[in-house]
Structure formats: structure tokens, C-alpha cells
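So this first bit is one chain, no partners, the form predicted alone, shown in C-alpha cells.
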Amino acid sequence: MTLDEILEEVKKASSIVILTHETPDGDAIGTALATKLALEKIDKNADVIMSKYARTFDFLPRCNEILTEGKQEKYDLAISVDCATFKRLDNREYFENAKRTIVIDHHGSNNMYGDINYVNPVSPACSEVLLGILSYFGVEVDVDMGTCLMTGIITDTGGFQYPATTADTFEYAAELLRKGVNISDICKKTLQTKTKANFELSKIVMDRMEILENGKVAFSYITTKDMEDVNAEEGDHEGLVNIGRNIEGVEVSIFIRQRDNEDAYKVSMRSGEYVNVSDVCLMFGGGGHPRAAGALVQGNVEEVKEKLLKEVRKYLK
């Protein structure tokens, strides 16, 4: 049983590190911190390492304990959460150097890169996967842990709006609400409150928005210079892809963001009802979920746009 194996590895480890994907979102940060808190319940300490994260999540319990580098080079156990591939894993040298590795995830595109892999692609958030694991282990979820987990669920379901949301999601939410987790406050802080830079970037994205393929595709972009002009910080680009998705008749929203003044763009794609954008992004070495996925594509804006449209057209009805 995979879960029993996970617990056995945790108990054996004297040093544990928790890692997640680059540019972590609410589910990545929430799951990582909740894992740290859960391990403490069984008398195990763990380091959470992230190169950088959005200040939107500064409200999360123990967020101030996130490290930018490890306290040691080699850990007995490395746990990756919410990361589908080793290529996307931030600070992956700690994963490579660890004696044993565990992957906990919910992406259908996960390529099982750990010694032990626990992946539930039906779950809308990795935080929900962790809740199931903690229930199996009989670990009591307190308010701090619940706040981290609820943040992951809320951000990855868009406040329970996305199709991947299940009955189990609402049951977990009800359970955490009963424990005292302030769901409305988490929604306000993660989904409704925008930084000034995010607002300025939103205006740029809307001004550049192109509606293509008979109204079925929305495309827009921002450059490194745009980010610099509005004094954007880590995470200020989050949610911009949804501007296109929310337009009537749009099935696929494509948002691309330049990487460090290079001829390369980070791609975020969202779809409405039938296009599997994970399949599209897999063609470029990326992946994700059927309705939300990403990749990194080489080229200038027009070249990247044409490459993506060529693949998306194959899936449009």
C-alpha cells in the first residue's frame, strides 16, 4: 500500500525537505506548508524550500519559515507536492540528492519521478489529495493546517467554480469550516484582492487581447519590460489568463509571459468545455490539467502565438 510506504519512509527519515514547482501558486504553497505542519504532528521537522513566491500568500501560517535554500545539502527524504514533472521542480538538486523521494500530486500528466508516487488526477487540488492522506493516517487537522489546505483548494478550483470541483471538495470544505477555517477570508485574500501591479498588467492584457478562430480563442501577452514598468513582483501575473477565458464564446484562452528578456515565453492556457489544453501543452514539453495547463515555448510573440494556435486548431470543434 503506497500510503503505508509513505508513512514508513517518513518515520525512518531524520531530515526531510518539502519542495514544489517553480512560481508556486496557492495550492503548491498551501500543500507544502500543510505537509510541514502535519509532519510536526508526528514529531518530524521538515524544511520547506522555495526560491520565491507571491506575497499574496504571506497570510498563511508559518509562511515566514519558508527557506530559499536548504539547511543541508543532502536530506534523508525529499517530498515533492503539486509538481507533475521533475523538470518543473524548484530546487530540484535537493530531490536528486535525497536518499529517498516521495511525490504527492493531482496532475494527470505526472510522470511518476519519485521512489514512491501518490497521484490522484481526479482531485481538483493537491491540497485535497493531502487531506485524504491525513485522514488515512489519522492526523488531526487544526485551524492553521486547515487554512493552508483550504487556500490550495480555493485557488485551484477558482473558488469552487471550475469543472474539476467534486462533491468531496465541498465535504472537505465543510469539514474545515467546522474546524474554524475562515473560508470567506481566504477567498477575499487569494481571489478578490489584486495588487496594483496586477491591475496595471490586466489593463495591458485587455488592450492587447486578440479574439481568434471565429471567437473561440483569446490570446494576449506581457513582456519582461511590462513587468518592470509596473514594478511587478512574483505572482503579479497570476489570474491574467482568466481574462480571456471569461469572454463569451471563448473556448481556449492563451496567455504568454516573456521569460527574463529571452526569446522564450511561459504559456498559460485555460479551456471551457471540451479542449484538453494539457494535451496541447504536452506537445511543448509542458502539461497540467484538461482545463488548465502550461508550457515554455521558444520564440518571439508572433512565433509562439502561431505555434500554439497550430496545435489548438486540432482540438477546436
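In case it trips you up, residue 1 is the first one in the sequence shown, and so on. Please read these numbers as outputs of a predicted model, since none were measured by experiment.
Although it is not shown, the form predicted together with adenosine monophosphate (AMP) is what the next lines describe.
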From the list Thr56, Ser268, Ser271, Thr35, which entry has a heavy atom within 4.5 Å of adenosine monophosphate (AMP) in the predicted bound form?
Ser268
With adenosine monophosphate (AMP) left out of view, which of Lys216, Arg245, Arg88, Lys189 would have a heavy atom within 4.5 Å of it in the predicted bound form?
Arg88
Just to confirm, Gly287 within 4.5 Å of adenosine monophosphate (AMP) in the predicted bound form by heavy atoms?
yes
Taking the shortest heavy atom distance, is Val48 within 4.5 Å of adenosine monophosphate (AMP) in the predicted bound form?
no
Examine Pro24 and determine whether its closest non-hydrogen atom to adenosine monophosphate (AMP) in the predicted bound form is within 4.5 angstroms.
no
Though only this chain appears here, would Ala293 touch adenosine monophosphate (AMP) in the predicted bound form if you measure heavy atom gaps against 4.5 Å?
yes
Residue by residue through 96-113, tell me which have a non-hydrogen atom within 4.5 angstroms of adenosine monophosphate (AMP) in the predicted bound form.
His107
